[in-house]
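Take a look at this single chain in structure tokens; it is the form predicted on its own.
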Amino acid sequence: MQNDKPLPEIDPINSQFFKGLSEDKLLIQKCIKCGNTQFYPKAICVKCYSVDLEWVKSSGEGKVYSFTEINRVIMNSKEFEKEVPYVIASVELKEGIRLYSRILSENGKNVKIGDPVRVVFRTVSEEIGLPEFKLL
């Protein structure tokens, strides 16, 4: 599990999300009071402001909402230079939330808005996993 790229900053609010990814589970927050699902992890529900949140397993399925193909990196991102070109997308999950992630594709030009995708997991440590998506 060697990782040569910057890792996310883990805190008490998002640690369950990243731990779930290391166990091949895409977890999202759901408000017990109003049923709202949300991402990025927060301490309160963004809809009703309740602190009664639970972690639920996402289907991991969704569609490409928008995307960009990365063809070069900027000065502070040299770790990614050997991987260009690659695609970063806003993925809309079936649960209604959106998250940014990498789309695994041999050729980024094959990615289109609306394409169905499914999560795949990349474990970078015992406590940290990252979501990536593959085209269906």
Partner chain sequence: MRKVAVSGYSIMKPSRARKDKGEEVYTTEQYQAFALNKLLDAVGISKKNLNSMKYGIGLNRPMWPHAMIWSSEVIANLGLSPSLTFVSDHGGAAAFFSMVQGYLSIASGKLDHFILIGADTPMMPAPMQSRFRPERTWRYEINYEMPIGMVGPLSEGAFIMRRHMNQYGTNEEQLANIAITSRKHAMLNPNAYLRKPLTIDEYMKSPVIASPMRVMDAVIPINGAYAIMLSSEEHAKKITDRPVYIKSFETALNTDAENDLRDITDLKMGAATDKVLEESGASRKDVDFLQLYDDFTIIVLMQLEALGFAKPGKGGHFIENNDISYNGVLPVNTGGGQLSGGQAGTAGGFSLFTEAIQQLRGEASGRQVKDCKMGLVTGLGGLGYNGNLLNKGVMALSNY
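Positions refer to the first chain, counted from 1. What you see is a predicted model; the values in this text were computed from it and never measured.
Heads up, the form predicted in complex with its partner chain isn't pictured, but that's what we're talking about next.
**Q** Any chance L130 has a heavy atom within 4.5 Å of its partner chain in the predicted complex?
**A** Contact check for L130: yes, within 4.5 Å of its partner chain in the predicted complex.
**Q** Please check if K33 has a heavy atom lying within 4.5 Å of any heavy atom of its partner chain in the predicted complex.
**A** No - in the predicted complex, heavy atoms of K33 and its partner chain never come within 4.5 Å of each other.
**Q** Quick one: does V46 come within 4.5 Å of its partner chain in the predicted complex, counting heavy atoms only?
**A** Heavy-atom contact with its partner chain at 4.5 Å: present for V46.
**Q** Does its partner chain get within 4.5 angstroms of any non-hydrogen atom of K134 in the predicted complex?
**A** Close contact is absent here: in the predicted complex, K134 is far from its partner chain, nothing within 4.5 Å, heavy atoms only.
**Q** Please tell me which of S50, N110, S59, S66 lies within 4.5 Å of its partner chain in the predicted complex, judged by heavy atoms.
**A** Only one listed residue qualifies here, and that residue is S66.
**Q** Could you run down 4-32 and flag each residue that has a heavy atom within 4.5 Å of its partner chain in the predicted complex?
**A** Heavy-atom contacts to its partner chain in the predicted complex: D4, K5, P6, L7, P8, E9, D11, N14, F17, F18.
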